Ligand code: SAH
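The chain below stands alone and is given as structure tokens, in the form predicted on its own.
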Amino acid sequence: MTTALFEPLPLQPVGVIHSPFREKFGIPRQPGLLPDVPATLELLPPYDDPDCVRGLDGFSHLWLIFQFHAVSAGQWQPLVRPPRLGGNARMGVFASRSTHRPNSLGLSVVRLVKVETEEGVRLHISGADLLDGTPIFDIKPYLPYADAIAGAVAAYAAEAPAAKLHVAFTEQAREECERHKKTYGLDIALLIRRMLELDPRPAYHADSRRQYGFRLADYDVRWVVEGDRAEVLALVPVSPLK
């Protein structure tokens, strides 16, 4: 079979994501699992022209084509281990949504909350599973008649994952969450609870009382798991990322 030769396709980001997720660990593995998570898509020049988003506010949801920019290039493999299969069973990379892909491209559907066109263009969205700073290459409106297919079949992960852990907070952690909510209006306690309920740990991490941490907003969130209970130990303020 003759191998087709194509010119490389130059990709120019049209925008960048601003989200509370400051590192990969802890981010939900699919969009919509944390529907209340706010994020902003800031369009970059020359795409920050209000004409580019004329009519977009008539759609409730958007498709975003993005780059897994925090994944090292060239690390893809033909076989991957999907977390929903326990991290042991192997599937083909194209039968998965692994971040380690030949072209490091991802696709997410998000809810459009508001279109802001003063001093540039910003799309306020929710339900994104996107790392802060993620480059966006294209935006397409979600079309219910074409994009929601009745009777579609999935070989695995056909249903949304169920909550696995009960989440509790120490007094210090709870007080810091309240301070953040009063200052910024973001219910970070609810966000942490929903993130931990889904148990973001790798499948091979099952040791009791091991302390974990992830960056969320301007905090280092520290937590442990014992049995089916996750306890948030502390929210340690850290310097905002530049």
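Residue positions are given as counts along the sequence shown, with the first one as 1. Keep in mind that what you see is a predicted model, and the values were worked out from it rather than measured.
Although not depicted, the form predicted together with S-adenosyl-L-homocysteine is the subject of the following passage.
Asker: Residue-level contact is defined here as any heavy atom of the residue lying within 4.5 Å of S-adenosyl-L-homocysteine in the model of the complex; does residue 99 satisfy this criterion?
Answerer: Yes, residue 99 is a contact residue.
Asker: Verify the contact flag for residue 29: yes if a non-hydrogen atom of it lies within 4.5 Å of a non-hydrogen atom of S-adenosyl-L-homocysteine in the model of the complex, no if not.
Answerer: Yes, residue 29 is a contact residue.
Asker: Using the partner position in the model of the complex, report whether residue 54 sits within 4.5 Å of S-adenosyl-L-homocysteine, counting heavy atoms only.
Answerer: Judged by the heavy-atom cut-off of 4.5 Å, residue 54 is well away from S-adenosyl-L-homocysteine in the model of the complex.
Asker: Evaluate residue 68 for contact with S-adenosyl-L-homocysteine in the model of the complex, applying a 4.5 angstroms cut-off between non-hydrogen atoms, and reply yes or no.
Answerer: Contact check for residue 68: yes, within 4.5 Å of S-adenosyl-L-homocysteine in the model of the complex.
Asker: Sort through 131, 165, 115, 139 and report the residue having a heavy atom within 4.5 Å of S-adenosyl-L-homocysteine in the model of the complex.
Answerer: Contact with S-adenosyl-L-homocysteine in the model of the complex is made by 131 alone.
Asker: Picking from 166 to 174, 87 to 95, 123 to 131, 142 to 150, which part of the chain touches S-adenosyl-L-homocysteine in the model of the complex when contact means heavy atoms within 4.5 Å?
Answerer: This holds for exactly one stretch, 123 to 131.
Asker: Using a 4.5 Å heavy atom cutoff, which residues in 106 to 129 contact S-adenosyl-L-homocysteine in the model of the complex? It's fine if the answer is none.
Answerer: The stretch touches the partner through 106, 107, 108, 129.
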